[in-house]
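Only one chain comes next, encoded as structure tokens, the form predicted alone.
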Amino acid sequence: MKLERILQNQGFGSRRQCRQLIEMGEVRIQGEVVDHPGAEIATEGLILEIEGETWTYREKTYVALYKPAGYECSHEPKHHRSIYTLLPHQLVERNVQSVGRLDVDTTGLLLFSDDGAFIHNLSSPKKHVPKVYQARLAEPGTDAQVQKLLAGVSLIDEPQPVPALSARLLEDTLLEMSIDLGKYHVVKRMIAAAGNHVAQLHRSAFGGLTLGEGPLANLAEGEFVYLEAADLQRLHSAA
């Protein structure tokens, strides 16, 4: 692939901007400056140095981010900062999108990609990809509420009762539950239907990926990691 096209695909600007970067000697491959925009470069295993920044070529990009509270999952936020400000501008230029959304006040694991099929497969209700949440409850939870969640609660926009895949009290006011439904405010609505309310919400796992484990072992709030092929296989292992 031509070098200028590689840079453009990776999110380093328009074709003209990428051509200028190359002609200014700002692109190195294996330590050598490549200043010809039309140079044909093999992309497999390609590692570039662009304006002193090391960049690994990825045909499609997959990212896991630990979302802090106070960020909107939107490119055009209305009242808070955009979650996309936590990602490199190159990924925003590539038009990565979040796989579903987390509310402004919800923290935890959020995935991004520029692979439309990947996003659809993880978002589709037909795929039944599980997600695990910890909900800090407004009032102490009860065994009866847990049983209601497991049996299924009625939601206005669902024709049948919606059950949690699992639910248990970790503390008096801390409930852990897993679901495979991606509806708007679904965890908060389910807990409300069971007779309690959510004070704080955190998503700890998505599919086979869990914060604090594996590739996400050292991920802190506001940080992200690229997911590689083995991580994607792990992600789908729980589906």
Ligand code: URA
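Note that this is a predicted model, so its numbers are computed, not measured. Sequential numbering from 1, following the sequence displayed.
As for the form predicted together with this ligand, it is not shown, yet the points below apply to it.
Residue in contact with this ligand in the predicted complex (any heavy atom within 4.5 Å), chosen from 83, 102, 129, 132: 102. Checked against this ligand in the predicted complex, the residues 29, 186, 39, 174 give one hit for a heavy atom within 4.5 Å, which is 186. By the criterion of a heavy atom within 4.5 Å, residue 201 is counted among the residues contacting this ligand in the predicted complex. Of the heavy atoms in residue 113, none are within 4.5 Å of this ligand in the predicted complex. By the criterion of a heavy atom within 4.5 Å, residue 106 is counted among the residues contacting this ligand in the predicted complex.
Note that among 43-51, 206-214, 58-66, 186-194, the stretch whose heavy atoms approach this ligand to within 4.5 Å in the predicted complex is 186-194.
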